[in-house]
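There is one chain below, alone, in structure tokens, taken in the form predicted on its own.
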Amino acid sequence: MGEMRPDRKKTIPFVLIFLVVFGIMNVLIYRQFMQKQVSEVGYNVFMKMIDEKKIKEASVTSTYILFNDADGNTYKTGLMEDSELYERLYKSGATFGAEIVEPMNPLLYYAITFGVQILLLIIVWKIISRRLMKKIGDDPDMMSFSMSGGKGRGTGRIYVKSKNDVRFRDVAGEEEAKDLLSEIVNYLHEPEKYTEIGATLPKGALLVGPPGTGKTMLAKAVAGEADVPFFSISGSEFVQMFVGMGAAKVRDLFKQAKEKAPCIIFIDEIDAIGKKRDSSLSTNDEREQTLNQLLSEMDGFEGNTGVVILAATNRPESLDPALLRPGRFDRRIPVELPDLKGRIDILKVHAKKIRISENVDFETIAKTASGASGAQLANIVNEGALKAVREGRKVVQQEDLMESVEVVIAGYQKKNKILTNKEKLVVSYHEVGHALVAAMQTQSAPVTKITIIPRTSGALGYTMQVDEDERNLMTKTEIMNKIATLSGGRAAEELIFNEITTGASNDIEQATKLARAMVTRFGMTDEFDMVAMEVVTNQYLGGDTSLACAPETQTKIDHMVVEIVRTQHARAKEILQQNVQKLHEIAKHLYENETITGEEFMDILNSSENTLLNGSSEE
């Protein structure tokens, strides 16, 4: 269930009443307990109180004497051999022989009083809660509704006022999605324009795309532009332990939405309740009942109710077909990763929130952050601001944002990671091997930076390549060049040290993945032509793959993948052998400076001066 946040000013009086009642109860219980305590005194004190006629009652047992004074205090003393005891008590005016009850054990007393106290507090809180809920129900700016099912019953706040100032101008990089959603805004503003011509707006729009692309923000922007109530709830909140509770929540949600129409219902991560129904053993009855209720409620909508349903997911292939048919979620709005222009716009939007230098080049940063989502770009801007603060600057500079791109991609620099001279030399040749193979090939992205500073991602160094233009397609030659570049680090180790290290593990993984995709998905081999041997699922969550072919075919695929990687590895080694003097020269410069830019790399590569470094012996 959601969390309910009532107005603080309205809750303060009830909280104060609760605290006052709690304090008074504790004081009364404490005083009552202290009054019933027994003070143990000596027999001489008992005799003195008899002489001073301060004893009101006395009870003599076989082992001790209990007596009270005029103030009601109880005392206890041991029994002594005193033949004149009763006579002295009689003369003092005390009443003796009466039964005086000794107070109970303190621990038992506290247990009983504490239980009574808790019971009373619960009663008081119930009274306060009822009054509070009544006030919340009368407040037009808030709404809470009960979600009941079976014996369980709860309340959750899922209504968010549309005065959150989120508009389309706050969502950059998704122009196509905003254009598609603007029609919903127009419908909510002027529904009569559609009803006059007989048109009906789609009841549901499904936002699909990778995580961090702004699906939730787009839904809020629609509500903000339309200035209507915005119901927001996650799909996982519908799924409960007991069958029927989720369906009851769906009914209550749509009931309240109809009362607040025109409005928007936004269901985030709808795949939690909208998965395909099947007859497998893992079927969840509660989830299926919730899905059936959702389908029923969407069918029950009329075209002019003014209720629009938006939903978001990054697993559209897992949704039930009944949910996607016309009349339900029949409009699918892709929210993809932003292109170059989109990344520039997103960076500018988030840069408005910080103090930034006027000479910042957003285009360069956007090119470096190719493939980043909107959330990652926001993080890049924030990391740049944090770096500026750490270094004592009042404004964010270009180098701050460029460094923050590397932080998001490769992690922070590891200051406590110390490489030996031998390891540092190996990493230098490894990274220069990547860069040199890339530079010596056509149709390869230019090298912009080489570093051997370890990062928190586990990388001991990396080579950054940035395309000059936005790329949407890769040719077979470009993929081959990419595999050769990935093989350049291992090839440099073999050529210079006649030894190999574990530093190429990530390169091997990426090269194998590309080679396998060429064979099984891209149809770039003569053996299989244009036949797909692999199926991709969860394309927005990393793209899991599974082979869809016979075991014999899988064996052929493995042989072809190995051959592609082996061929490009040999090609990379040949390139480095032909340019071994440049390999020594650039590796020496990188070893001494730890980081070189793309311009420095190209200057050394194009220079005629060759300074040799004995890489096989220096440590």
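Residue numbers run from 1 along the displayed sequence. What you see is a predicted model; the values in this text were computed from it and never measured.
This protein has a second form, the form predicted in complex with adenosine-5'-diphosphate, left out of what is shown; the following refers to that one.
Though adenosine-5'-diphosphate is absent from this view, in the model of the complex it lies within 4.5 Å of a heavy atom of just one residue from D361, E317, D170, E183, which is D170. When you look in the model of the complex, the only residue of T74, T216, S370, Q441 with a non-hydrogen atom within 4.5 Å of adenosine-5'-diphosphate is T216.
Picking from 524-532, 429-437, 500-508, 172-180 the stretch near adenosine-5'-diphosphate in the model of the complex, with a 4.5 Å limit on heavy atoms, gives 172-180. Using a 4.5 angstroms threshold between heavy atoms, P211 counts as touching adenosine-5'-diphosphate in the model of the complex. Heavy atoms of L79 never reach within 4.5 Å of adenosine-5'-diphosphate in the model of the complex, leaving it off the interface. Among residues of the shown chain, A378 is one whose heavy atoms approach adenosine-5'-diphosphate to within 4.5 Å in the model of the complex. Although the partner is absent here, I450 is not a contact residue: none of its heavy atoms lies within 4.5 angstroms of adenosine-5'-diphosphate in the model of the complex. The candidate site formed by I346, H350 and G374 is fully in contact with adenosine-5'-diphosphate in the model of the complex, as each residue has a non-hydrogen atom within 4.5 angstroms of it. No residues of 479-503 lie near adenosine-5'-diphosphate in the model of the complex, the criterion being any heavy atom within 4.5 Å.
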